[in-house]
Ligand SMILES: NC(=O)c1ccc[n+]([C@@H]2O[C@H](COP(=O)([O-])OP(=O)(O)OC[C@H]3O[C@@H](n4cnc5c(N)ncnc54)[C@H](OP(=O)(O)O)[C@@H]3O)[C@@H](O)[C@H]2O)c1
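Just one chain is shown here, as structure tokens, and it is the form predicted alone.
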């Protein structure tokens, strides 16, 4: 008989990868407030009573809490809603999983660091700057301090989900290409580590399989900048002769992207390396796979 996983907040780019990676070996119940897939069932995990009832009736062996607000500007302008969604709901998840005596998976972020140095591993102390970062860090700390058995996986610059679900950096670049832009302006003063949703899901699956509980940075190999990522997108799409990528500083976009962002959020997968379970590939390899899988140039998807 297959083990069962309840996935809360599975409607986004990460949920899509988790569904496809875990459905083969596990019985899943995937929930979200946005029913954008046939395999999703309705649940607003911010409503504690509903969250408890849904999980308890499914009787899972694991609880995955994936959902969160990730738009930094929205979070800055909607503090109360952000803490309810990104922090309070995680407290509910801890209580539910503890009551059922099952492990909890929580997804954290590289954004909880302040950029005071170039790279961060699991031994470094987070110092979140904006509302989004604080909401995620407070949830991460609550899980560490209160969960009986947990897996915390920190992602970097997430990429995945395709045109339907990708609301992050890659999607923004592709939308500019789609509009016919001949020049794209991209910051070169923000460093980080891209994270492909499928690599993230596969690596999580291995940790679960071998019961390697704890805290793990889980990002693709090789650090980079937003500018370098954009250049690589243009290169993969064979548009180097048609589109110019121009470096700018962050203040160029200060009106649009006003939420605080660390100058560097490069993560090192130290704990994964220690247990010889770092399956994360180079970000360039996964970026190419992502674009080739989801964006069919022949069919003018971009």
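As the structure is a prediction and not an experimental result, all values here were calculated from the model. Residue numbers count along the first chain shown, from 1.
Another form exists, predicted in complex with the named molecule; not displayed. Remarks below refer to it.
- With the partner omitted from this view, the residue of 277, 28, 259, 33 that lies near the named molecule in the predicted complex is 33 [heavy atom within 4.5 Å].
- The partner is absent here; in the predicted complex, the one residue of 229, 107, 133, 143 having a heavy atom within 4.5 Å of the named molecule is 107.
- Three-residue candidate spot 55, 60 and 103; no residue lies within 4.5 angstroms of the named molecule in the predicted complex by any non-hydrogen atom.
- Figure note: of the listed segments 107-115, 208-216, 176-184, 94-102, the one touching the named molecule in the predicted complex, with heavy atoms no more than 4.5 Å away, is 107-115.
- At least one heavy atom of residue 158 is located within 4.5 Å of the named molecule in the predicted complex.
- Among heavy atoms of residue 13, some come within 4.5 Å of the named molecule in the predicted complex.
- Contact between residue 167 and the named molecule in the predicted complex is found at the 4.5 Å heavy atom cutoff.
- Taking the partner from elsewhere, residue 69 is found to have a heavy atom lying within 4.5 Å of the named molecule in the predicted complex.
- Taking the named molecule as positioned in the predicted complex, the residues of 23-62 that bring a heavy atom within 4.5 Å of it are, in sequence order, 32, 33, 34, 43, 44, 45, 46.
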